[in-house]
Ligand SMILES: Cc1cc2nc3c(=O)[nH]c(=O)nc-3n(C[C@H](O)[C@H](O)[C@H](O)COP(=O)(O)OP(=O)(O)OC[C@H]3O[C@@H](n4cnc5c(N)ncnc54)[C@H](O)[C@@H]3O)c2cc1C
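A lone chain, given as structure tokens: the form predicted on its own.
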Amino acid sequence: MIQPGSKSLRKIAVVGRGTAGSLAAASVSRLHPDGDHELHHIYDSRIPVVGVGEGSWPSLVQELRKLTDLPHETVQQRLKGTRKYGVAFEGWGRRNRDFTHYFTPQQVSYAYHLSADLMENLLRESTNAHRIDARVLDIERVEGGAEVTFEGLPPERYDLVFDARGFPRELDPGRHIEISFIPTDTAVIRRCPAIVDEEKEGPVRQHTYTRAVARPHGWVFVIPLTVHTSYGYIFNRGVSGLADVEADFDDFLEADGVSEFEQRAVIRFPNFVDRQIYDGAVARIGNAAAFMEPLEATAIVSAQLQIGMVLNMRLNRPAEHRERDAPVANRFLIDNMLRYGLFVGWHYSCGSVYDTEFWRYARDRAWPRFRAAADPGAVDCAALSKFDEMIELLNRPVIDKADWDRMCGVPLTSYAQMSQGLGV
């Protein structure tokens, strides 16, 4: 296959070795047709990969098979993973009943629960790169490419840089779109004993689900791996104090029959989309491009989309189209990230079984901001109108077959399941 853009991608850098950076480096190694291209994987080894349990979407199963050239079963075992068939919601919505958001086809399509640090190790084996262990001071677009400046090393120029350095330190309204309608901003992560036993031969085949359990100060995720179970309490630090959250977390684990745990981290996060995900030379990916709380495991699937679109476009489009392609690609990526954000924020629209300060704030104050936050004039994309179209479809007495495959970040089937469960 002729890839006319490959000649303009002779030197590529990936900055960051978390999930997004590892996926990008492995993707370059697999997709670049010329063996003599130069790939630098740059990271600061003083910054550890936080090895929390992560959920994903089914697209990752196929992606890891292609990137590693290993059977699905081997990949799952290497990740100490389990097969995620959906998200089990407990205590959400106005119907006062538990429900599950299944991947479709239901009970057939599955994703992985996996350990982030193990995925970095796995993908490293599939990556042909020169590794540079250094602190990056800046990444700047220059004529014909981008320049990376280091602490203690001379700068390097690249044809394309994937920036996977994680969250911005603070949000800048001129540079970032704040997803203010998602009401959480902090996670307390704990590692607990495994509740799924590792098989002696072959991968675990039982159906598992990410639990999303409503609690007075937010909600708790439960992600089962074969080596441990990852628990995280997601809350808003402006509404609830850490001591109150920790106390309720203790109560939850005790009720769940968990007698011991390892405190992993308290992570503050922004809910945002960068206004310049891709500028033609620098592609922000993963948490550097956008983030929304982990309720629907959008982080990895977002990184897959960002990496795949930029890399395939650069390889398959002639170099002279780059300046015209970049704004179109950037708008497309922003639009999709905001669609994910609207879907996640919508989960809070009906509250939960708890009539507490957090849930009143989430339902009555945070979620009603979504129209102003996603207004087309402010974000330069049509995510809000597409979200409105999905809600309008759900309100029809009959949905025409021609509309069954409609998407707004996620498929109509996902909207329909959540609508029924929440009582929208």
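The numbering used is simple: start at 1 and walk along the sequence shown. This one's a predicted model, so the numbers in the text were calculated from it and none came from an experiment.
Below, we refer to the form predicted in complex with this ligand, which is not included among the displayed structures.
Residues placing heavy atoms within 4.5 Å of this ligand in the model of the complex fall in a single listed stretch, namely 132-140, out of 132-140, 307-315, 173-181, 253-261. Not displayed here, this ligand is approached by V49 to within 4.5 Å at the level of heavy atoms in the model of the complex. Contact annotation for D388: none of its heavy atoms lies within 4.5 Å of this ligand in the model of the complex. The closest non-hydrogen atom of I195 lies beyond 4.5 Å of this ligand in the model of the complex. In the model of the complex, none of the heavy atoms of C408 sits within 4.5 Å of a heavy atom of this ligand. Listed residues A326, L122, V204, A297 were compared with this ligand in the model of the complex; A297 is the one with a heavy atom within 4.5 Å.
Of the residues G91, G166, P155, G241, just one reaches this ligand in the model of the complex with a heavy atom at 4.5 Å or closer; this is G166.
Heavy atoms closer than or equal to 4.5 Å to this ligand in the model of the complex belong, across 174-205, to the residues A187, I189, ordered by sequence position.
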